[in-house]
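What follows is one chain in structure tokens, specifically the form predicted on its own.
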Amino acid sequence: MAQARPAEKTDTRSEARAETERLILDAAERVFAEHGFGGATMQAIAVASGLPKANLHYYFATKETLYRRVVERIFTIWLEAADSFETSASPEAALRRYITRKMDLSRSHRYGSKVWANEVMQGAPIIQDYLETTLRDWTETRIALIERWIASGAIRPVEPRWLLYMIWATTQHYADFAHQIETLNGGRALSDAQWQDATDTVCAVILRGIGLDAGGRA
């Protein structure tokens, strides 16, 4: 039997490490979402991930380190969703794709969104520096782009901040208040058709509000 080459072994180890980190982060999202930073414990996260606590500390030395990584991951995912601002040819396409992606993330990363919301509602004691740097810088660049759309007559005049806040609040509602939504849906999670209908509705209301064509899908 041929032995694995050193590069192949390295790749295998890297993949295994990445998969273990993903398991830990997924479990940490759930535990932090349910108990907050103060109520969560490394032991509870270890149990949720199915790993020994020692393994958890090997990857993340402290609970705060793990918590910040969870927050950074959900924010990075949100930033990737906003790539449409740079890659779309028109405001209609950019905003439709952004809203659609944010709705998708509220379904697939419900717990990460809740962690972010809980942290901010507590005054962001752990990630205030993140809000004052990364989030502020990102927001300012999007405000500048929206202002250019307005100046060119592409969309109706609107305060860019309020538009962004509306998109965030509306899309993230489906993650942060998922239990309420499911309760009002007869105790059931929204079906694929319901998610699509909700997404189309959010897109239509926001786009029409700033004078864009609400027809079609992203």
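A residue's number is simply how far along the shown sequence it sits, counting from 1. Quick caveat: nothing in here was measured; it's all calculated off a predicted structure.
Here the subject shifts to the form predicted in complex with a further copy of the same chain, a form of this protein not shown in this document.
- By the criterion of a heavy atom within 4.5 Å, Pro157 is counted among the residues contacting a further copy of the same chain in the model of the complex.
- In the model of the complex, Ala82 stays away from a further copy of the same chain, with no heavy atom inside 4.5 Å.
- Residue contact check for Trp116: one or more of its heavy atoms lie within 4.5 Å of a further copy of the same chain in the model of the complex.
- Residue contact check for Met166: one or more of its heavy atoms lie within 4.5 Å of a further copy of the same chain in the model of the complex.
- Comment: a further copy of the same chain is not present in this chain, but in the model of the complex one of Ser90, Thr76, Gln128, Ser108 has a heavy atom within 4.5 Å of it, namely Gln128.
- Of all the residues from 121-152, those having a non-hydrogen atom no more than 4.5 Å from a further copy of the same chain in the model of the complex are Met121, Gln122, Gly123, Ala124, Gln128, Leu131, Glu132, Leu135, Arg136, Thr139.
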